[in-house]
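Taking the form predicted alone, here's one chain by itself in structure tokens.
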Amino acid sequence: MAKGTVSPEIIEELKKIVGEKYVYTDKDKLEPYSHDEVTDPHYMKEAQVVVLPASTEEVSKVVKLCYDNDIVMVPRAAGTGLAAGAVAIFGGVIISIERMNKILEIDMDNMVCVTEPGVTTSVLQEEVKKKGLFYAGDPCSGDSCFIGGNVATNAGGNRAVKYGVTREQVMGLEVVTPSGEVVMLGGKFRKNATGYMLMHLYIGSEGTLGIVTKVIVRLVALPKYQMDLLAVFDTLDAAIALTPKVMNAGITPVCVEFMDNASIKQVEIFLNEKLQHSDNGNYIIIQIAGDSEDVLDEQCEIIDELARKNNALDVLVANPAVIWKSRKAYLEADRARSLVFSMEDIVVPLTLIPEAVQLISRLSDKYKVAMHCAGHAGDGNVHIDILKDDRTQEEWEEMLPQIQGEIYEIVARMGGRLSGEHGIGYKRESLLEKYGNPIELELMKKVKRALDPKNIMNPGKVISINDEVPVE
């Protein structure tokens, strides 16, 4: 059985592999790795050791050492996750890929980029843009999250409506298995019918099946023109109801985002900037892009007409710097108000978003708690921030599961899922066990047992295995 205790002898072996400078055992150095962006103390756990390898070879050697000695391993990227997925809940060794931060190749002919996993999403976007190309993956934390973490969580983001989530951007992965073997899955080719598509098992596996050490991502031509529109409505229902009307009109937007009025007001306070119609407005933000200004102008007119028929208070061409700064500040604005809060990340069929948000919003009054809604109206993904504010930790821990239970009952009735893009991690593992399909869960467990028979790679995340690691 895997264990969380790391002996002094193993620590010395780790130093031989990566260098003494890149093995952390000091409490001050370990602290930043004890949590991700989930700030609830319940999810903060300290590893015994953090190791920072600089190459696939070093990752493989570290993993093999841990495997041979039955030591728990936790892969970690930038730590921007929202599900406590890269936290060492059983101790052991955190393997951080932060030093593996090089873009290895931008292949113009094959329209791909080959990168190490520790490159931030925004850096990758900027580097390929210099070549006139475009990487479509765009999580809201793009300035700080790593490509490797995007792959591990199958990160979504704003552009999923047109381009899909991270899974649709990945063409190849180099992976280190739980026993330390290195395998290349996929490649620079666009089609592949050669056996099981194992690459897709690792995308979204949250570091429970292996460690990604190289990624080949798809690139597209950089759109020549882009326009951002803001439609404001007096109710969130009316705002979200615009989305299917736009898409049924033959328009495929890059992004369709929404913010409820409570979120807008909170962001306004956080940024100390006046936002349009913040007194009573609910936002729909639509980005369109293409190679013709005429086409964009025509689409703009259609969207304007549809919005006004849906009783929009205002429709305007937005300043992209202002509107996207506001949308992306949603999380930090709530954190500034309440350091501890829970961001739920449900997904339902697109047409059911208004009903889901309406039912969930009623829980705010029922439990007398602040709940802010924002998210991706174009793909059915709703973020609900439940704020602890000045409640005691005991009150919070009693109330939160009740609210989550009611939210997930609503989602289950609508044929939705617990998470659209943030993942399950440690935070939602028990919730998945309770609300997930039993047959689907058992299939997941069979995959985990087959690829990680020792249950040594990021145990306690996503799914429960009966022979869980003991806390030592």
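The numbering used is simple: start at 1 and walk along the sequence shown. Since this is a predicted model, take the numbers as computed values, not measurements.
Heads up, the form predicted in complex with a further copy of the same chain isn't pictured, but that's what we're talking about next.
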State yes or no: in the predicted bound form, is some non-hydrogen atom of Pro53 no more than 4.5 angstroms from a non-hydrogen atom of a further copy of the same chain? no
Against a further copy of the same chain in the predicted bound form, would Gly79 count as a contact residue? Criterion: heavy atoms within 4.5 Å. no
How about Tyr283: is it within 4.5 Å of a further copy of the same chain in the predicted bound form, going by heavy atoms? no
So in the predicted bound form, is a further copy of the same chain close enough to Thr252 to count as touching (4.5 Å, heavy atoms)? yes
Given 364-372, 307-315, 117-125, 241-249, the stretch touching a further copy of the same chain in the predicted bound form at heavy atoms within 4.5 Å is 241-249
Given that a further copy of the same chain is left out here, which of Val182, Leu104, Leu359, Ala336 has a heavy atom within 4.5 Å of it in the predicted bound form? Val182
Under a 4.5 angstroms heavy atom criterion, identify the one residue in Arg99, Arg391, Lys188, His277 near a further copy of the same chain in the predicted bound form. Lys188
Report whether all of Ser34, Leu230 and Ile269 sit within 4.5 Å of a further copy of the same chain in the predicted bound form, measuring from non-hydrogen atoms. no
Check each residue of 142-180 against a further copy of the same chain in the predicted bound form and list those with a heavy atom within 4.5 Å, in sequence order. Thr153, Asn154, Gly156, Gly157, Ala160, Val161, Tyr163, Gly164, Val165, Arg167, Glu168, Thr177
